[in-house]
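Form predicted alone, single chain, as structure tokens, below.
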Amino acid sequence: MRAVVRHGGDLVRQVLTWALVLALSFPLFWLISTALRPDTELFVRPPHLLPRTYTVDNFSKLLFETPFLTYFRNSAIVAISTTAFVIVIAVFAAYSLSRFRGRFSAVVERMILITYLLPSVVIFLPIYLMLSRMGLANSLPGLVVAYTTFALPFAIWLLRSFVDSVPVEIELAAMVDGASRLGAFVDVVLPQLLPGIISTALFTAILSWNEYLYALILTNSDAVKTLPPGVMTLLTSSYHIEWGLLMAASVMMSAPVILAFAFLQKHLTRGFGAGAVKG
């Protein structure tokens, strides 16, 4: 009897889980379906789940008749550069906060936390003035600097939990065997932090890839626009919204993020588990 009840409970949970997955996946399905429809099928009543006629005209127009590829390239450059800067700085900062405790360590931690909790709109004006005086306004390096300012506190706090989960004893054992502090960090600690670094890098890259406000205000030319404001420019440049073109652009914008999650899911799950357990 208990086995039957347990089997019935598992079945209900599986049904509910799949129902939730389908509900969450439906917007993505409708996005792709609309991108593959001709304009004549966009507003038919009743709507069809699948296109009656498949076409790639929306993708062709997006790639060859608009500056979408320029926006895509700029977003890739900004996301990769920001992620590289943030990870390098955050790894050493998190290691320092975890291993070297001093009189002002708690103050520094609170300052980092306060910086992370501040809305990005609050620090926009100082960042804009700083970039203008440095000559980095309306440029990709300026966007990298701006994104680093509000992505770095989050990365430090996330990576610090991973550093705390690495036992100090294995690092001290390496130093007893003759390794320097830097050598012990590179050979012992850094490999243990790899899942956390991958998780932090992924979230930083997604944050840089999807950011809209700073990219909209700090850039004003097509040569340096990223995808979020660039796609909006495509939509507002005509008297009507081309829904097929919009859905094709949304598919192209979402594809790198979905692929990144698909390939890094194992490392991401392992990273969450490692960061949640303190050694």
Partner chain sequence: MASITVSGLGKEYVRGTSAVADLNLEVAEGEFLTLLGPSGCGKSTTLRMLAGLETPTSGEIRFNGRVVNDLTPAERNIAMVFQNYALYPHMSVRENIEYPLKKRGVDRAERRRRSAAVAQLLQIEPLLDRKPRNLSGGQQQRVALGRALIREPEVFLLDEPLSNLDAKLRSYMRAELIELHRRVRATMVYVTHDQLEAMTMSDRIAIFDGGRLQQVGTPDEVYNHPANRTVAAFIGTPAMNFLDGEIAPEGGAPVVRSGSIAIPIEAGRTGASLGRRVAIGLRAEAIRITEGGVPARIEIVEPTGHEAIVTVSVDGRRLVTRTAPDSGFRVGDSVGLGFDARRLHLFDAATGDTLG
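This one's a predicted model, so the numbers in the text were calculated from it and none came from an experiment. Residue numbers count along the first chain shown, from 1.
Keep in mind the form predicted together with the partner chain is missing from the figure; the text below concerns it.
Colleague: Is there any non-hydrogen atom of residue 145 lying within 4.5 Å of the partner chain in the predicted complex?
Modeller: Close contact is absent here: in the predicted complex, residue 145 is far from the partner chain, nothing within 4.5 Å, heavy atoms only.
Colleague: Answer yes if any heavy atom of residue 80 is within 4.5 Å of a heavy atom of the partner chain in the predicted complex; otherwise answer no.
Modeller: Flag for residue 80 set to no.
Colleague: Does the 4.5 Å heavy atom contact test between residue 191 and the partner chain in the predicted complex come out positive?
Modeller: Yes, residue 191 sits close enough to the partner chain in the predicted complex that at least one of its heavy atoms falls within 4.5 Å.
Colleague: So in the predicted complex, does residue 88 come within 4.5 Å of the partner chain, heavy atom to heavy atom?
Modeller: Judged by the heavy-atom cut-off of 4.5 Å, residue 88 is well away from the partner chain in the predicted complex.
Colleague: Are all three residues 102, 107 and 111 in contact with the partner chain in the predicted complex, where contact means a non-hydrogen atom within 4.5 Å?
Modeller: Spot residues vs the partner chain: no contact at all.
Colleague: Which residue, 134, 84, 206, 179, is the contact with the partner chain in the predicted complex, using a 4.5 Å heavy atom cutoff?
Modeller: After the contact test, the surviving option is 179.
Colleague: Scan 76, 130, 123, 170 and let me know which has any heavy atom within 4.5 Å of the partner chain in the predicted complex.
Modeller: In short, 170.
Colleague: Given a 4.5 Å cut-off on heavy atoms, tell me which of 112 to 120, 183 to 191, 148 to 156, 88 to 96 is the interface stretch with the partner chain in the predicted complex.
Modeller: Flagged stretch: 183 to 191.
Colleague: Suppose contact means any heavy atom within 4.5 Å; which members of 84 to 116 contact the partner chain in the predicted complex?
Modeller: Heavy-atom contacts within 4.5 Å come from no residue here.
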